[in-house]
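Before any questions on how it binds or moves, here is one chain, the form predicted alone, in structure tokens.
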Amino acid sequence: MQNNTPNNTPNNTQVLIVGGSLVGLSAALFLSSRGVSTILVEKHRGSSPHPRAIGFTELTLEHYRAVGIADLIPQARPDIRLRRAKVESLTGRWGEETPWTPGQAEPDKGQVSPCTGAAIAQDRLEPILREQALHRGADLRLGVELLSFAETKNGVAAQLRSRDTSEIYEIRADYLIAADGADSPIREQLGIGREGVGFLRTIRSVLFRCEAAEPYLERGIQQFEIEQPGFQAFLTHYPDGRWVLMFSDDEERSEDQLRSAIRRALGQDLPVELITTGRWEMAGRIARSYSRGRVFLAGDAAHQLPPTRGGFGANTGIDDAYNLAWKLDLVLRGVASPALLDTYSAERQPIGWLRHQQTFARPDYRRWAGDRLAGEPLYGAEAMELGQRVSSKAVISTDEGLPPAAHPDAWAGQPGVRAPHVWVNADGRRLSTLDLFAQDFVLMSPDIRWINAGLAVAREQGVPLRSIAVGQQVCFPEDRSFEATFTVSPQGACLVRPDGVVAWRAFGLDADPALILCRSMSQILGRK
């Protein structure tokens, strides 16, 4: 990480990422892990001193597992829940606990995923992502801002300026990813509009430490809605010992006023160390399209959502990046047509909209959004994270009228949904099925005729397709057979994309398996 100028670094790249927070860094990590030449520019020199994101879902950890860094991120205990209660103060009278999804219990994590998620603050995770992206060859340029960009015949030309030296230079890239935040100048220049509940209010907050308050977490509640006459606030705890107090107004407070407010929230005059303050906008806005030409929106640039117990903010953006990375890789390698990139917005924009609806239909935010989403069906955490369904030309399915999300066990190999997690034996190693889908397309079948067809298509069509013989190369447990897991017969097959999403399945053996597989791959890759 250094100030890069045109005198000492290359200024041509396959992908330019603007924005170096969680989503931009994840995109750089996913792309560089695939060998894609990537330059990331970020106007700040490091992470924000007041992190907002602190919870990362099983799906996010699965993505990081796929690129080999999950072990660097401490995962949560399976029984941990992000619980919230209404209280007079932390040390005062406690009232009722408020559920995230009313009427639905949250089972222990680690049953439908090999991961359990992570409770780590954003400013602790971002250094890990930076280091790992750099290790894989990404070029990270901090303290560099985008001045302008224009799409050219064969790519994108961007004017950049080093904030340290004021030097201006140009980078040319095949594609541009805008991870430049909710206000996204790139999105605004593209003229992509947004819709949703819109602006709701401005939040002020203070970040602080208070060791004496830690024992009050022993009851398992980590978030507290403070309700006192003339004082309403929200208190939450970060796993590393920091606390955040959020105010229900947009008033700037002096240090003495901040300390007074913290005392009211805590209910006692406990020793406190102030760290910093913050100010941000609570809003719900989803871009009408996530791409235009050679430019792609990701993260808050595509979907502005407030922090939730469901992790619909940063986690959604990281999932954006994972969806896009393999598609850019295959297009840049000439394996897929650029038409494959059209499926990014087709798949991700409805996911952003679903999460918008789920956020503001829940009790946590309904009071701010009103009753406009009353009656919206609510999906549980596992359905939203591990059972969301995408639909595009990169998914082959004749099923219609399916819900946008469901518990992953209910899908059983449905095309458009993340492949099921099952612990299997692969060449003597215990792996999750998801570990098989981290790089290439994968065809799985117990029938050797499908396996031979997959080998032929990979060889003749030049596509990155691995064929895995179930029962020989991979063995499923007796209580979770391949056939039951993917809803196919012993002569059936399942094709999984490089992002772990089921692309296609055949219940039985086709008369010409090589032909049907070739046609399916051609459609998914956007080939004529």
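All values reported here derive from a predicted model rather than from experimental measurement. Each residue number is its position in the shown sequence, starting from 1.
Form predicted together with a small molecule: not shown, discussed below.
Using heavy atoms only and a 4.5 Å cut-off, determine which of 329, 382, 300, 139 is in contact with the small molecule in the predicted bound form.
None of the others qualify; the residue that does is 300.
Which residue, 155, 413, 196, 313, is the contact with the small molecule in the predicted bound form, using a 4.5 Å heavy atom cutoff?
Exactly one listed residue reaches within 4.5 Å, namely 313.
Residue 417 versus the small molecule, in the predicted bound form: is there a non-hydrogen atom within 4.5 Å?
Although the small molecule is absent here, residue 417 would stay clear of it in the predicted bound form, with no heavy atoms inside 4.5 Å.
Consider residue 36 of the chain shown here, and say whether it contacts the small molecule in the predicted bound form, taking contact as heavy atoms within 4.5 Å.
The answer is no: residue 36 has no heavy atom within 4.5 Å of the small molecule.
Taking any heavy atom pair closer than or equal to 4.5 Å as contact, tell me whether residue 54 reaches the small molecule in the predicted bound form.
Residue-level check for residue 54: yes, a contact with the small molecule.
Is residue 446 part of the interface with the small molecule in the predicted bound form - any heavy atom within 4.5 Å?
Flag for residue 446 set to no.
Where does the small molecule sit in the predicted bound form: which of 27-35, 466-474, 64-72, 43-51, heavy atoms within 4.5 Å?
Every other range fails; the passing one is 43-51.
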